[in-house]
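Let's start with one chain on its own, the form predicted on its own, as structure tokens.
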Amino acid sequence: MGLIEVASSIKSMEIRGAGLIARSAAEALKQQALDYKGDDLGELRRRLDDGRRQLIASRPTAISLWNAVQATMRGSSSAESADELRSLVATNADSFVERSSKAVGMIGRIGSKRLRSGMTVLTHCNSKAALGVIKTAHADGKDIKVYATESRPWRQGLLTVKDLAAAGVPTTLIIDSAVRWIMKEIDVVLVGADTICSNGALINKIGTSQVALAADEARVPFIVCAKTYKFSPKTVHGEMVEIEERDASEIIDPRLLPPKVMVKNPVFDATPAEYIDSIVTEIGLISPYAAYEVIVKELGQESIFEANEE
């Protein structure tokens, strides 16, 4: 699949899930570099820059995509030949894909230590990282039960219950509006992340903030499971995370609505750091207030500088 096809598939959500989106973008840029057989350094730079912009434009709110592209292009400005640039981009992409692929396993092993036999877990949407924690705990012999939200409008919760059922985890599907009702039976909430801001706030699937509020009211720990490339260097300089809105047709056929009735279909919402107990990453369990340190250490000052330049 070429870069244009990858960008189109990300935009249409044929390629979904932050990890898969990030790895697909890195691989697409690598292929773009390898497909150019010429020795004109300027032309190769132009092609890669065009490809970078197309990929980022496919999901402008997905920081995992932006970080994947930045990681793949890291150091490219110092390349002195087309061969050197090709090699650098390919090596960076391979390194990013390898680390990304291993991250879920590490998060699963770290996060599962927070679960004890007999616990009931609530999860929202379809996070590979959060499910990795649950499945690891189950594989370790812990008796874990799960409630999973349906997660409208795309109903990613159906993917979650199928995944957990296949792993043998006792799972119950609930409608999104039943979260507060079921919270009295929950011992811990596990969710994924679309973006972690420098102040520790979480941007995630719409409805996450309501889950966090219900958990806080019931004094139930709310734990986020996130790879470090979900942390946003852009927010260090005060940039607000754009909350993407998708077409109303994902919710209802607009022709069925009365005249002048509008539809709002936001993809994400924001959960403040004070509602988050901890964030499980592949480098360990951290406080949400340590997000800035993670951005500097794991993504580098270069990424913060480049974010500010855009």
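From 1 onward, residues are counted along the sequence shown. All of these numbers come straight from a predicted model, not from anything done at the bench.
Keep in mind that the form predicted together with a small molecule is not shown, yet the notes after this line are about it.
Partner contact region in the model of the complex: 199-207, out of 199-207, 108-116, 83-91, 176-184, criterion any non-hydrogen atom within 4.5 Å of the small molecule. No residue of the trio R74, P233 and E298 has any heavy atom within 4.5 Å of the small molecule in the model of the complex. For the options V146, C125, V188, A137, the residue carrying a heavy atom within 4.5 angstroms of the small molecule in the model of the complex is C125.
None of the heavy atoms of E150 is located within 4.5 Å of the small molecule in the model of the complex. In the model of the complex, the small molecule stays beyond 4.5 Å of every heavy atom belonging to W66. Though the partner is left out of this view, P288 does not reach within 4.5 Å of the small molecule in the model of the complex, counting heavy atoms only. Remark: V294 does not count among the residues lining the small molecule in the model of the complex, judged by a heavy atom distance of 4.5 Å or less.
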